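First, one chain by itself in structure tokens, the form predicted alone.
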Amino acid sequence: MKLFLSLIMVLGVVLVPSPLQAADNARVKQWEKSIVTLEVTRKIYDYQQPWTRRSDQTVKSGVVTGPNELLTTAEYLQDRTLIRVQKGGRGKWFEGDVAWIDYHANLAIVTVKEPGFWRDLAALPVSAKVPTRGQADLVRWRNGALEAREVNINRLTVKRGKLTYIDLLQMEIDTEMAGIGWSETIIKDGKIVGLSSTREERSLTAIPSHFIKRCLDSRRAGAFPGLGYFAFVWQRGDNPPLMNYFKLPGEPRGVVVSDVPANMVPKNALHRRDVILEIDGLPVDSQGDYKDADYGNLLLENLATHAHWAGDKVHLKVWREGREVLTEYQLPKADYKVEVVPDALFDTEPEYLILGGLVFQPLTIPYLQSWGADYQRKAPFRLSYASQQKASSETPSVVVLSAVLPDSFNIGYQEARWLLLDQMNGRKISNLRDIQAAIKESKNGFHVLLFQDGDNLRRAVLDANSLDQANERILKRYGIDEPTRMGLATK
């Protein structure tokens, strides 16, 4: 002991925190009043057997952003049955509830009714501007202690959002940390600059605070209209022969509209082969980028959500038939149901209808994902191909024969599956309610089902008179409670 003290005196070692360490400790200590832990219990569905389900639990982070307001990502809050919230990294759990959620934005506000929960908690401000580079802190509760680790903001980019089919502004972060991407808070200069969403190898994607603040401010004003997007398809304009074809003078610039939606508003706002030169007065280059005043070159898709909401009109300058034309384009609302095959089904139980052992379901991306993340390659080709088609008035959605529960009633059809139903009893089938209506229209005591061309089985005939008796027997044999389930909300 004397030798140890002598060494301290000789070497001048001081076993107290440095001023920098003390400041860091004080900063992290203050964040303990703002960061919380959420435990979410939710229902998980088996889309191959849609009448079954199980429970799952997820632990993620949240941050206090205002009175009775905990900000977190929307991911894993779908089909929830219970939310518990813990402050201080340990101790009592409080029951929470979702006050607001938007899955396309991947943002949610959770609140806790018990007043005692909010005692000693403090809100963190959300930064209006996002840093494009530099260091920040990623903060989370881990094993009862608040962990703050330095991460490196690499860049801002525009790419597909985590839970949506539209492109959104995203923050890319370099980090070696493992086990993150669960809505951890990214803090710089005492303000929230991002919320983590996806971890891939050494890169973390976060929702930037600029976008978060816009959504929260709109929600607090009671007027969140949802996200809009550019529904038209475009291609880059950096191909000189292509631009020569359009006789656009000067250097190559702008992007070429290759497809427009049938329900575009106004109807002729854009034409195929229009060259978009400017959006809201901002020039668009030949790669599809514009110059953002704060964040540099960004993909034009960002202009749909940077300062606009669904329903807003965007001013465009286009090159059309040899001259410049000014036009307006109204942003459609991001909606999972606009496609023939919906991208997602949140807070809704999967639909099905059993007809004499034949199991019919709407064709959806969650159903296709039962083949795995690489479903576009692994799922049956006809189903994957159908998922690429666009909705129309004639085909707003698609119904698939997903399986057959073997019974004497359906002998001969036991191996049929993954067939797209086209008609039943002469009625065009687009959804399960069409099947319910067609059941009342049997022909000469039979139900006649026609499947789309290209399938091995083109036609199936079922005895209408014994259908009810067969259904009752099949449901009992396979332990299924109900012959049909349609659009039941889970919340």
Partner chain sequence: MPLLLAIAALLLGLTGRAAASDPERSVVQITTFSQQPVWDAPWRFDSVRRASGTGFLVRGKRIMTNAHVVSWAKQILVHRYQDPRPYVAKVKFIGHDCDLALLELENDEFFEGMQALEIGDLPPVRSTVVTIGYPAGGEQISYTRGVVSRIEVQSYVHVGNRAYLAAQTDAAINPGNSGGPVIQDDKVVGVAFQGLPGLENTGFFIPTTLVNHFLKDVEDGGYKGFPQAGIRLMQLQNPAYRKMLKMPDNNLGTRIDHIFAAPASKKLLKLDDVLLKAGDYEVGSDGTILYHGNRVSVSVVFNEFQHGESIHLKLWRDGSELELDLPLEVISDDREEGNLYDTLPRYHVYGGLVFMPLCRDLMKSIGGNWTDPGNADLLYELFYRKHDKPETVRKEPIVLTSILAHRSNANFSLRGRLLVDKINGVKINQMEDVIKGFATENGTGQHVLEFYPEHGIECLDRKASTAAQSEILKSNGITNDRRL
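All figures in this text were calculated on a predicted structure; none of them were measured in a lab. Residue numbers count along the first chain shown, from 1.
The next section is about a form of this same protein that is not shown, the form predicted in complex with the partner chain.
- Contact annotation for Ser392: none of its heavy atoms lies within 4.5 Å of the partner chain in the predicted bound form.
- Residue contact check for Val461: one or more of its heavy atoms lie within 4.5 Å of the partner chain in the predicted bound form.
- For the chain shown alone, Asp238 is a contact residue for the partner chain in the predicted bound form, at least one non-hydrogen atom being within 4.5 angstroms.
- Residue contact check for Ile173: none of its heavy atoms lie within 4.5 Å of the partner chain in the predicted bound form.
- Partner contacts here mean any heavy atom within 4.5 Å of the partner chain in the predicted bound form, and among 320-328, 382-390, 75-83, 208-216 they occur only in 382-390.
- In the predicted bound form, no residue of the candidate spot (Ala148, Ser370 and Gln469) has a heavy atom lying within 4.5 Å of the partner chain.
- Among the residues Tyr352, Tyr413, Tyr103, Trp118, the one placing a heavy atom within 4.5 Å of the partner chain in the predicted bound form is Tyr413.
- Listed residues Trp93, Tyr245, Phe346, Trp418 were compared with the partner chain in the predicted bound form; Tyr245 is the one with a heavy atom within 4.5 Å.
- In sequence order, Val256, Ser258, Asp259 are the residues of 249-263 having a heavy atom within 4.5 Å of the partner chain in the predicted bound form; the partner itself is omitted from this view.
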